[in-house]
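Here we start with a single chain on its own, the form predicted alone, put down as structure tokens.
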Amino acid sequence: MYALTPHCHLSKVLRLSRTCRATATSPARTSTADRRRHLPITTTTPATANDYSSLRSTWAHRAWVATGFASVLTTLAKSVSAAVDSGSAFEPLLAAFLGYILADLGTGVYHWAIDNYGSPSTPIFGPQIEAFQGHHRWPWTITRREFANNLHALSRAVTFAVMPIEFFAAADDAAVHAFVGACAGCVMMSQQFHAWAHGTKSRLPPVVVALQDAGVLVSRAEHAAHHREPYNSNYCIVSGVWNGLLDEWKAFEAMEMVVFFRFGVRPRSWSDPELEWKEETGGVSSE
């Protein structure tokens, strides 16, 4: 078993009558069982200055991004058309705002999950788990990924999620179309917002800097906190509006405790940062 005291900061979330501790027969961070449950990541070497093929967009990437944008824009067009027919814009605008807010929460939960659990061999999610772990070690590469290369995975997911929803949604329900379009669009673009959060202010479009400063998009300073030890905060990457609340309420730590006591799996954020967590520039400066 494991000694959890150093990482149990749940006093505001859980009122436990006992200290969160279990007797250990061997050090938790070095035992074989712990390493199996920890599910370490083996990351691959990033693209070097002379080999950026892994960062370039392929025609398949571009096709998926085009399909994703088409599904989102079609949904938003249906919302606008239905709103014009009904003569009311308040409900669809409110629904779109809620979609934007919930997209930020969704990206945070997903980011937390693939940062802390699984491995490259995990079915379906393995490539993204490996990519996000590699991002911790080489964060500068995201600023050099071409647009479709960065967005194609989420575009594919959005396409398959939006199509069935739109099939069953009533054509004249402007609020539903607005919510789906805004939420799906923000989720699909979240990796681009993430890339901008790693960009240098002088190299970003002025409108992006203005939106970051206004809190509409996740800011560079806020996301930078996610790349500092202990790497367990600021997971949301659309606007970052949920980051303060989730971190203050220890929401992710509470979920980690539930996963640990139910399945015996420790999140990577509980251990001292290993090699794959720490940034390595490799002689290539970030933008």
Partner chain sequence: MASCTSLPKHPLPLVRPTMSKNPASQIISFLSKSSNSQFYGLSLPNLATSSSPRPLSPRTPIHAKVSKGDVPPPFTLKDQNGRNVSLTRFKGKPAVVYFYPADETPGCTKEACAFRDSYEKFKKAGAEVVGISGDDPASHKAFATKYGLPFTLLSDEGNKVRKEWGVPSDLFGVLPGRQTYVIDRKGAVQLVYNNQFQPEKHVEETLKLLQSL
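Positions refer to the first chain, counted from 1. Everything numeric in this text was worked out from a predicted model, so none of it was measured.
FYI, the form predicted in complex with its partner chain isn't displayed, but the following is about it.
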All of K250, V258 and R266 with a heavy atom within 4.5 Å of its partner chain in the model of the complex: yes
Under a 4.5 Å heavy atom criterion, is V241 part of the interface with its partner chain in the model of the complex? no
I'd like to know whether R262 contacts its partner chain in the model of the complex, with contact meaning heavy atoms within 4.5 angstroms. yes
Would A254 count as touching its partner chain in the model of the complex under a 4.5 Å heavy atom rule? yes
Considering its partner chain in the model of the complex, find the one stretch among 241-249, 66-74, 215-223, 52-60 with heavy atoms no farther than 4.5 Å from it. 241-249
